[in-house]
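A single chain, nothing else alongside it, follows as structure tokens in the form predicted alone.
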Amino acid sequence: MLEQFSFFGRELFLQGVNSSHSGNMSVRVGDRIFITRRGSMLSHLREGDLVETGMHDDDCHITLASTEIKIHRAIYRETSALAVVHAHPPCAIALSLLEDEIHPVDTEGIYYFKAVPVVGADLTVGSDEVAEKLPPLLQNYKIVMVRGHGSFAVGQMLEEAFQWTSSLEASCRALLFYRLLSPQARREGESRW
């Protein structure tokens, strides 16, 4: 399992969607969750950087788990996800500060997402508010943005949640370039082509 976490953690860093110590990932196995350690470097995960904890109750390992453990648990309780990837994709974060929903303009983004909801919260890191708002959305969407903070993607395995994270950032980069090259497009409606 460490090998899988390590591979996708490194890919998230190499693709520029996480900085050296940001983001976290988890998988659900029955009523147990395996989540990255608080403050771990996802691009260089080692033995001890994965924390096993309960689906519902805290145990002695909980203080080592990512500060987002509350969000991951809420997502697993209310969706069919078996994997969650949380990242800080810079282009998607920039758009989340401006939009209530991100609408990709590139073909892949339209095919995969059509729209990506953006939720706001007073406290965006590990809060009850985010834990309450995300799961209902992730029952219908593959990925959701927390305004100014980052993305939470779900899948049946880490690769799938990683794919949505990577694809969202690529689509947001294309959208930002499109707006930069065609400032009129935003005012006239981006879905016209």
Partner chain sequence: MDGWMGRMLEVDLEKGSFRERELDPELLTRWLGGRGLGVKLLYDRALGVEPLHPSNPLIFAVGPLTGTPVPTAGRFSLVSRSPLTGTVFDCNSGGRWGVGLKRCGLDVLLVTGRSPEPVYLEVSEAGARLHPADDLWGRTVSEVMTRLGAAHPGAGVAAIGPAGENGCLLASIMNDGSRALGRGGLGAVMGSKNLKAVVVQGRSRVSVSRPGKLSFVLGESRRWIKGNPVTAVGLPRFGTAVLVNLMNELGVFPSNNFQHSRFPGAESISGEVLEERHLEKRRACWGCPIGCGRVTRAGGLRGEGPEYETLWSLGAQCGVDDLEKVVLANYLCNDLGLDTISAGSVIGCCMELSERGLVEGGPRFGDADAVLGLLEDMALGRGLGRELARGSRRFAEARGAVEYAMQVKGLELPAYDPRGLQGQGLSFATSNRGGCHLRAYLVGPEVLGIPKMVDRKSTTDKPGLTIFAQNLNAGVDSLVLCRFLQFALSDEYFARMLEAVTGIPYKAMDLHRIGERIWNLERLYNLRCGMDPAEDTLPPRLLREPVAEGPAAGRVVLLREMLPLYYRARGWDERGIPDPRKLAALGLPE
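Numbering follows the first chain given and starts at 1. Predicted model, so just to flag it, every value in this text is computed and none were measured.
Below, we refer to the form predicted together with the partner chain, which is not included among the displayed structures.
S.K.: Would you mind picking out the stretch of 151-159, 33-41, 133-141, 164-172 that comes within 4.5 angstroms of the partner chain in the model of the complex, counting non-hydrogen atoms?
M.R.: That would be stretch 33-41.
S.K.: Might residue 55 be said to contact the partner chain in the model of the complex, defining contact as any heavy atom within 4.5 Å?
M.R.: Because no heavy atom of residue 55 falls inside 4.5 Å of the partner chain in the model of the complex, the answer is no.
S.K.: With a 4.5 Å heavy atom cut-off, would you call residue 145 a contact of the partner chain in the model of the complex?
M.R.: No, no contact at 4.5 Å.
S.K.: Taking heavy atoms only, is residue 60 within 4.5 angstroms of the partner chain in the model of the complex?
M.R.: Yes, residue 60 is a contact residue.
S.K.: Does residue 27 reach the partner chain in the model of the complex, with heavy atoms at most 4.5 Å apart?
M.R.: No - in the model of the complex, heavy atoms of residue 27 and the partner chain never come within 4.5 Å of each other.
S.K.: Can you tell me which residues in 62-101 come within 4.5 angstroms of the partner chain in the model of the complex, by heavy atoms?
M.R.: The stretch 62-101, when checked against the partner chain in the model of the complex, contributes 62, 63, 64, 65, 66, 67, 70 at the 4.5 Å heavy-atom cut-off.
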